[in-house]
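Heads up, the chain shows up twice below as structure tokens, two forms, tagged structure 1 and structure 2.
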Structure 1
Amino acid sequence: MNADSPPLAIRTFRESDRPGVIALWAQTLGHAVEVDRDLDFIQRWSNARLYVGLIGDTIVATAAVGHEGNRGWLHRVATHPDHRRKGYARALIAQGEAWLARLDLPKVNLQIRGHQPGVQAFYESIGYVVEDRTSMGKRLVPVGTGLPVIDITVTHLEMTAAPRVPAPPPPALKLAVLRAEPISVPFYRYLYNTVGETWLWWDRRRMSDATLAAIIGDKAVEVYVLYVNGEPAGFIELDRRDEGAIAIAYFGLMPHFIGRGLGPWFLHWGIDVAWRYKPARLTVSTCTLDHPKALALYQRMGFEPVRQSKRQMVHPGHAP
């Protein structure tokens, strides 16, 4: 960055950046279509990253990088017209290139539409060369085809007094429940990703390590891990950050431990722990993506549905 330019903060895209990024692209990349789709797409996979450059809270530059397993690609490089020639695009691209290099990608490519000498000069100034290639492409879906969206109905349940449901008999297995405290991000991701894979739990997959660490590192967030024969079989997460109420933020079993009678026993155990804090309310929610028996199980354990809400989610990706 040039010495006299205002400092540019660079980080990866967050969902709250969407309006700022769209506004910048509308102003700088007139040809860019389907920007919402592109932003969803970039977040969908782990082989792409969008870097944003901010001055204060304003997004003034972007650069996206990705790879197809062989070469890296650079796209969505844009700097707000009021902030050009300050080294911002160069700085963002440097971040993207460094990320690709860490993945051992040997090369990065890009395409420039038509003939734009200024843009070409910019890339040449940072080491890119025009190569003797013919650029070809083919559309696989017509412009305007959105990513598949799933309609989700969420049922919110609560109880306002400790239930009098007798504890289900513990399955005849070697069981232990341990609070992971403090829980590390990799171990949490292992639990969350393995339990949630079937049910499309994606919100926390998309979170950066720092954001996730701030949540799970909070003293008022308790993650209890169920062990069966010495290996993790599921977890329950109690969230006490909201004063007075406790939420069962997540509860689930690893796919390979479903069907052994562990669910009711472990859920009852978690509800019991929550009520020891004497909250005004204990809440949980379940959605139509969850196990079909989840709602009935929560009701059996003493929760009552209080409302339903609807939301949509872009499908996080298709299995091969």
Structure 2
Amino acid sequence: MNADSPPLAIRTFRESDRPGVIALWAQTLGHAVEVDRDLDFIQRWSNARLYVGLIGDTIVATAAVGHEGNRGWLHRVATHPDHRRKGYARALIAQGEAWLARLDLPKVNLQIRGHQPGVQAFYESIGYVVEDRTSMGKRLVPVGTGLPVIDITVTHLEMTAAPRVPAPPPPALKLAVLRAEPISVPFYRYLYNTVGETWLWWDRRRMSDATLAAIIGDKAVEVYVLYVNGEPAGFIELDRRDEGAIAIAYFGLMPHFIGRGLGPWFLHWGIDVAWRYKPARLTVSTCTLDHPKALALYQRMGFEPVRQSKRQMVHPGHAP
């Protein structure tokens, strides 16, 4: 950045940045940019990042990077007209390139729409070259098509006294349950993503590392990992941040451990740990995206439905 330029703060996109990014892109990238699709996609997948540059609280520049396993792609580079030629775009691009380099991506590509010699000259000045390639594309989703939405019914359950359900017999396997304390964000994401992939767990995939770390790093949040023959088989997360109540925030098994009798035993184990704190109530929620036997299992363990709610979710597997 230029020495006389106002200092630029660079970080990854947060949901609260959406209005600022929309305003910037509307002013700078007028060629059919589908803002909501782009931002939802970037938040859903771990192989994409959107970097925003801020002066104070105002977003003045963006640069997005992503990859498909072989090479990176640079796109959505934008700088507010009042803040150009100050080195901001270079700084954001360098941030994205550094992230791709850490992933051992061998190169990064970009496309320039139409004939824009000034834009081409800018990229050449920072090391990009024109390659002998033919760029081709095929539109799979018409511009302006809404994202597919899933209707979800959530059942909220609770118990107000420790259950008298006898503990299910442990499977004849080498079992261990250990609390991950402290639990790192990468390990938590591994557990959450692997357990929840089939059931479209997505809320915490959208969270930034900092937001997620603040939750799982709270002393009132406990993550217990089930190990079978030495490898992680599932986890249960107890959230005690609500005074007088404990919530089973997440519970599940790795896909290859489902159907081996581990679920009832591990859930009963987690419920027993929760009741040692003597809460006024223990709660859990399940929805129509979860395992079809999840609701029946919770009821068998002593939970009773107290209400249902409806919500909608954009299908996380749908990419723009």
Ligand SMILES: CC(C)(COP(=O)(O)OP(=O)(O)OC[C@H]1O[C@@H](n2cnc3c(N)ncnc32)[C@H](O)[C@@H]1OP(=O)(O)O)[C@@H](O)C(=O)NCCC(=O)NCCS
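Computed from a prediction, not measured in an experiment: that's the story for all the values here. Between two forms, the rigid core is defined as the largest C-alpha subset superposing within 1.5 Å. Counting starts at 1 with the first residue of structure 1 and goes up one by one along its sequence.
Between the two structures, is it 1 or 2 that corresponds to the form predicted together with this ligand? Number 1 is right.
*Once the core is aligned, please say if the CA of Thr194 is shifted by at least 2 angstroms between the two structures.*
False for Thr194: its C-alpha shift is below 2 Å.
Any chance the CA of Glu97 moves 2 angstroms or more between the two structures, core superposed? Glu97: C-alpha displaced by 2 Å or more between the two structures.
| Quick one: core overlaid, is Val284 moving 2 Å or more at the Cα between the two structures? | No, the C-alpha position differs by under 2 Å between the two structures.
### Query
Once both forms share the same rigid core frame, by what distance in Å has the CA of Thr134 shifted between the two structures?
A shift of 11.4 Å.
ask   = Can you give the CA shift of Trp45 between the two structures, in Å, with the two forms fit on their core?
value = C-alpha shift for Trp45: 3.7 Å.
After superposing on the core, C-alpha shift for Ala23 between the two structures in angstrom: After core superposition, the C-alpha of Ala23 moves 6.7 Å between the two structures.
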